[in-house]
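One chain comes next, on its own, written out as structure tokens in the form predicted alone.
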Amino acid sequence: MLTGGGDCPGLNAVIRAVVRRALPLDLGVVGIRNGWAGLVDGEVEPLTAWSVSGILPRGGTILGSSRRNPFKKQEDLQRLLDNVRRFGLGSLVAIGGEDTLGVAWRLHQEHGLHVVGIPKTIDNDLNGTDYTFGFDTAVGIVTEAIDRLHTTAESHHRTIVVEVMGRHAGWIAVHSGLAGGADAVLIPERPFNVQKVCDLVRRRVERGKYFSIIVVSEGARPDEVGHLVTQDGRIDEFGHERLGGIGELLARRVEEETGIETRAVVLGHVQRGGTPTAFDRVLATRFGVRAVDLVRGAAWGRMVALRGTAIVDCPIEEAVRELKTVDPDLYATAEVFFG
């Protein structure tokens, strides 16, 4: 079992559930350190009931994580395959988002590894499942931040731009914007016009609303720019640029155009840290138990998923073929409250 990609609340709940379900069935569980990097480097350890005692409410992952892509170098891939044989790993439970599960799918398809997937990402952008664990916690954190920013924005008659995570999908922005009463929500799925945002702020002032809260996903793009705003141009092993800066860019433009003091707040990694909500703990636990059942049934290449209130499974390929973007109807609901 390994956890890959960005950490998120609920990972430890999954690890605990897999171990607690597997051990009474005489299935040994080996934890792989630091995602795919651990399987390449041979960093593994047996997991016991004692190993997972008390970790349910803890954020992060006791196994560690990384963004290592074993398909980037042929020697890494060969070392990974050699270590699977060396440690006698009969199956692999991969817990992660599109990148981690994409690697898992290729290992299953191209090299015959017995793989089961568990979807996790605070971005909620994986297909095949209604929700991923970690998302509910992130939305709660962002909503609380928006609530707090409302009071200072209103007191000082400021516009505040809140930059949240969301590279290709604006699920966090839309849900937290709705829950927190944001005056505009800008997402990657909808390139936005800066002048229209400024006009919205002006109209609020004309109505006696001397403050505004604008929530923007890190992957949102002004239509006049047409590209993602990045921090330093560096690219990770999965080809992702390090995003960040759209909030500051937008805040500067709004202040220049409207003359209203505007500040940017970047919530950053605080969104995926700390204690998971009850919803995420339960969802992660159910995912972990069902994953072990898939292993017992030799359902290789499958991923556990939430559909409605039921835990089901689907091909990993379905989850990674394309990202799940924000439902237009949901965004239309948020638009009702813009301005």
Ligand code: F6P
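Numbering starts at 1 and runs along the sequence shown. Predicted, not measured: the structure shown is a model, and the values here were computed from it.
Here the subject shifts to the form predicted in complex with 6-O-phosphono-beta-D-fructofuranose, a form of this protein not shown in this document.
- Although the partner is absent here, residue 67 is a contact residue: one of its heavy atoms lies within 4.5 angstroms of 6-O-phosphono-beta-D-fructofuranose in the predicted bound form.
- Mapping the unseen interface onto this chain, residue 165 counts among the residues with a heavy atom inside 4.5 Å of 6-O-phosphono-beta-D-fructofuranose in the predicted bound form.
- Within this chain, residue 122 lines the site of 6-O-phosphono-beta-D-fructofuranose in the predicted bound form, having a heavy atom no more than 4.5 Å away.
- Although the partner is absent here, residue 290 is not a contact residue: none of its heavy atoms lies within 4.5 angstroms of 6-O-phosphono-beta-D-fructofuranose in the predicted bound form.
- Only one of 157, 269, 148, 196 lies close to 6-O-phosphono-beta-D-fructofuranose in the predicted bound form, with a heavy atom inside 4.5 Å, and it is 269.
- In short, of 182-190, 107-115, 122-130, 200-208 it is 122-130 that has heavy atoms within 4.5 Å of 6-O-phosphono-beta-D-fructofuranose in the predicted bound form.
- Taking 6-O-phosphono-beta-D-fructofuranose as positioned in the predicted bound form, the only residue of 204-219 that brings a heavy atom within 4.5 Å of it is 218.
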